[in-house]
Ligand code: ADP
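Next up: just one chain, as structure tokens, the form predicted on its own.
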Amino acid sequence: MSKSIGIDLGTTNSVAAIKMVDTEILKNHEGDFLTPSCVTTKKRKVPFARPVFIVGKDALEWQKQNPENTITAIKRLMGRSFQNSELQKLLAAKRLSYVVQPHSAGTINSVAVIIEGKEYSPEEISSKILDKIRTDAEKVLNDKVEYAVITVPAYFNDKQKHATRTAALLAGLKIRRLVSEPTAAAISFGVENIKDEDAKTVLIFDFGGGTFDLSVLIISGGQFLEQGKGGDMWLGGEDIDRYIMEYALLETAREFDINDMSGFIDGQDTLIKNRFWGELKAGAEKAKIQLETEDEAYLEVLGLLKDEDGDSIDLDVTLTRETFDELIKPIVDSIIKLTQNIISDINFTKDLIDNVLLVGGSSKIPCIIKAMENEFGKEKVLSHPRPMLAIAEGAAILSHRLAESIECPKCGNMAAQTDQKCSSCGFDLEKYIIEEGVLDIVYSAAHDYYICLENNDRHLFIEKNTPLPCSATEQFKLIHKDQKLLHMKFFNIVNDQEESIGDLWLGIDKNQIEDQKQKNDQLNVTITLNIDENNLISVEAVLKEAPDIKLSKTLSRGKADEKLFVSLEEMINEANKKNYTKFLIIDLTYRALSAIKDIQQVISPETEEINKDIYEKVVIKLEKAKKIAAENQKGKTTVFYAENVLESYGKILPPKNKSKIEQCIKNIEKAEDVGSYEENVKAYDSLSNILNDLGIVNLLMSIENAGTYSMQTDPSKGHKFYKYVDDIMFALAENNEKKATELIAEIMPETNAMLQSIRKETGVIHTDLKR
């Protein structure tokens, strides 16, 4: 029978645990509880062989030799945009040893890391960590591990959580639930310390290697009610290590009178330089841990750096607790401010907090503990006895609760999760679950959720800390009555900065709304934003005037579909700047509609795989659309013209001409879908040649078109054109060619003048919304 485990997928280290009767932390293949979240590859000499991935302790050791091909802290890049300001700061400060760039198959809203010249998404790297955790757990349990509850930072948004799900899928794991790390820690704490009759409000203070998470929960009788969350995704123990490293370098530069220490190190042999940075980082982390219990620590990196004379420049620094506390004071101040903010955000006061639970490796630093005790009172602050394992324990407890069956704690036989009593021994399972288990978790939204409107206006859809799952429905107007494209942009506000969470496009290409348009009204769209208990988002957009025009989808997340949508948006923006004629704008609009339908199918919703055939098809469609507009080639309006000819004057067309027009339209449809630019032009030219030989039918169409355009501004004039068409058709039916010719001669000067002015009109492709 396959097992279900809990996984703390950490920035620095990852941990796995399982709950059966008791909760057990699972050791990895190396015999450790902690698996470093570090990935590299091993070159193979066999030509074209796939790289062998090395994960964990061995990869971390390899970092000293080959840092540019060793990936650490990948969690910070999960679901991130390359243009994220914090990521750009890391890159500008050269604090990442490996290459990070936008993913070639995605947009600027994606990232990729490079190992040995090959591109990998953060999901792929994280999947290697999860795969090791899964396979190591299977060896310990001697059973298949199929399911997991995986923890994520409380501040993770939809894209980041979706990326975690994708990583699990790639690692062969089915996710029972994504649970926030503070909540997992609270579960571990609550099961041991809070019984059924108790109710406590607990602030979870989770300070790990790469993230700082805060969460306020009310815990009572197995119920975990999330009141609010906060923190900083870019603050963790690694930042403390960096402060220590900078101090050690500064002291060494002062001792040896080196003006540019960074430049001096860069001038060393590459292998020596890499080893130096690796040993310095390891030494900084060791010193940090040592200062948790001792008054001073020593950093030594000896025999590596050499000056121009070949003399050793040894780093040998003593760091006292007092100096360390002063060094990290900015971090401590930031932590206290963020803690105060979360209390304020949920309209609580400090006296309403019963306990503050400290978890995460960095929470053991004495000055941080003291700062929290000063803030809340020493009696309220509790350090979890297993701060680096608590999150995995909580995930394991929840994973056990969500499993279909559990072990009876009395006899050890399996029982259904819904059983009130054990069928083997009669043990009261319901009471046990209430007292020792997790009955329910009520989550809250991690951020404010907005939609972007016309003129860059922002509309708040869902507020931060709204209980999950939740749904909000709003009605908006399209900005123009002839609008056929709708671009919906959604984003969060995170630490006072906008962060895109994805786009959605809706195409409107049906005729049910013509009556509404004739009333000169803008159309309305109803948009529903859904956030489930995992903070994952889906959006539904429905056109009010034609409810069958709708779309229900997850948002684009920086992948291949978004890359195509960006190309589409760029094409539209470029067209709007070039003052194209209305005819070209209409053509581009319908080509965009066709592209949107295909783009929605590029990414598989189940596997996240790219349909390369559809992707290439859309690329060709967009390039073709741009070229046709730029070179003023015939397009969709020619087809519309031909279809009107068949509908209005098919009775007077020679059957041969009618058949040729129908065949040309079919050829155009094929060329539009799979043909090249040249094939498109050829198909349209063939149709135009036939239409040009229609004689009087073309004249009738010209008069009718003049009437159609006149109806928009001067209906009386429009009716005049329509009457001429009727009179000419009547004359032809009576075989009175003379009368028909006279009528045509009377109206054509006015018709030509009208059509000439129409041909000069420019157009705009509208895609926005307004309230």
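Bear in mind that the values here come from a model prediction, so they are computed numbers and not experimental data. Numbers for residues come from their place in the sequence shown, where the first is 1.
In what follows, reference is made to the form predicted in complex with the ligand, a form of this protein that is not presented.
S.K.: I'd like to know whether Ile289 contacts the ligand in the predicted complex, with contact meaning heavy atoms within 4.5 angstroms.
M.R.: Answer yes; at least one heavy atom of Ile289 falls within 4.5 Å of the ligand in the predicted complex.
S.K.: Answer with yes or no whether Arg401 is in contact with the ligand in the predicted complex, where contact means some heavy atom within 4.5 Å.
M.R.: No, Arg401 stays farther than 4.5 Å from the ligand in the predicted complex.
S.K.: Check Met388 for me: does it contact the ligand in the predicted complex (non-hydrogen atoms, 4.5 angstroms)?
M.R.: Contact with the ligand, yes.
S.K.: Does any heavy atom of Gly210 come within 4.5 Å of a heavy atom of the ligand in the predicted complex?
M.R.: Judged by the heavy-atom cut-off of 4.5 Å, Gly210 is in contact with the ligand in the predicted complex.
S.K.: Considering Ile603, Ile365, Ile585, Ile668, which brings a non-hydrogen atom within 4.5 Å of the ligand in the predicted complex?
M.R.: When the ligand is considered in the predicted complex, the option within 4.5 Å is Ile365.
S.K.: Give me the residue from Gly190, Gly361, Gly278, Gly106 that has a heavy atom within 4.5 Å of the ligand in the predicted complex.
M.R.: Of the listed residues, the single hit is Gly361.
S.K.: Would you point out which of 308 to 316, 234 to 242, 156 to 164, 627 to 635 contains residues with a non-hydrogen atom within 4.5 Å of the ligand in the predicted complex?
M.R.: Looking at the partner contacts, the answer comes out as 234 to 242.
S.K.: What residues of 10 to 26, in sequence order, lie within 4.5 Å of the ligand in the predicted complex by heavy atom?
M.R.: Gly10, Thr11, Thr12, Asn13, in sequence order.
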